[in-house]
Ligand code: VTB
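Just the one chain here, laid out as structure tokens, in the form predicted alone.
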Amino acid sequence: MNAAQKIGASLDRVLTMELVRVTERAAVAAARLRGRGDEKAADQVAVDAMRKELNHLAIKGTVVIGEGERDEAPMLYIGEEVGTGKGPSVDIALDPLEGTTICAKNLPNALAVVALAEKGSLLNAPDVYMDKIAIGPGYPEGTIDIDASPAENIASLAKAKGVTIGEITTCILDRPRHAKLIEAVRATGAAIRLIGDGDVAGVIHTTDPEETGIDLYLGTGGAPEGVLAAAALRCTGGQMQGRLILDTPEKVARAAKMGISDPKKVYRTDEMARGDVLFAATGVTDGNMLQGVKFGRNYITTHTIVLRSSSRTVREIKARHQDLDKF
């Protein structure tokens, strides 16, 4: 067994189920504050729960996609070291509560999300916007192109899927900046699913269009969320392209400090998340793919997906937790 195989084996042995526990704990903590209107409080309890669980893992972990670019002690910031310090060295991308507004309003598709990969395998992206386009698995490489028009991409996807354009549904964040994009997509005859928040979930939904009803993701959202979404697509065989929006000298300088020398580069899935990747997401609120946390009188139920790139394994875990003291 070579060094790469040993690292992959270590990730599989130590972290597959342990990663599920990380997102479960964060999701349960956030779910206790669903619908309370306090985004910051929900985010903070999710961060605290995720950090505590990460620090139980036998890893030398470094957060490369986190809650901030500088040392922000209450948050899981970029550069923070987590884990016991014993075990494989890994990169971690995380969002303890993806969709803080969604959770505060108790709307669909809030998630607790974490991705883990061999050290140096995840794009260290600054907290800026990213142009994104994504589809799920099963399509020829080159089906989508970030530089093509919405009409061209939708037509290409419809042809690859063997359906009419009218049977394609595109997910777009409902933001004023997307007004022209929305108009262009509607002009094709394709349907649109507008979401108020949670673009990691939006991209992930393309992996199972029969379940979610979403075939294509288009638009701009956070670059850190783009890396997390790419990690999920890397595990399922989906396609994604992203380009950082570095439209000020300050943003260009921040990106340069993180090792990004070409501000116009188009990043593909395997450039944002390389090597052996593990990804887990637990529902906080009910959504298209995952049920939210349910609180029973004597137990808590959670619904999680955990993915691995090397085996293209998709595990769906519905768990009943009866030891409530752990939460």
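What you are looking at is a predicted structure, and each value in this text was computed from that prediction instead of being measured. When you see a residue number, it is the position in the sequence shown, counting from 1.
Below, we refer to the form predicted in complex with the ligand, which is not included among the displayed structures.
- Remark: none of the three candidate residues (Arg21, Asp43 and Pro96) comes within 4.5 Å of the ligand in the predicted bound form, counting heavy atoms only.
- Listed stretches are 251 to 259, 144 to 152, 114 to 122, 169 to 177; the contact stretch with the ligand in the predicted bound form is 169 to 177, by a heavy atom cutoff of 4.5 Å.
- Screening Ile214, Met240, Cys235, Val200 for any heavy atom within 4.5 Å of the ligand in the predicted bound form leaves a single hit, Val200.
- Exactly one listed residue, out of Gly219, Pro88, Gly136, Gly222, brings a non-hydrogen atom to within 4.5 Å of the ligand in the predicted bound form: Gly222.
- Although the partner is absent here, Tyr77 sits far enough away that none of its heavy atoms falls within 4.5 Å of the ligand in the predicted bound form.
- For the stretch 110 to 130, the set of residues having any non-hydrogen atom within 4.5 angstroms of the ligand in the predicted bound form comprises only Tyr129.
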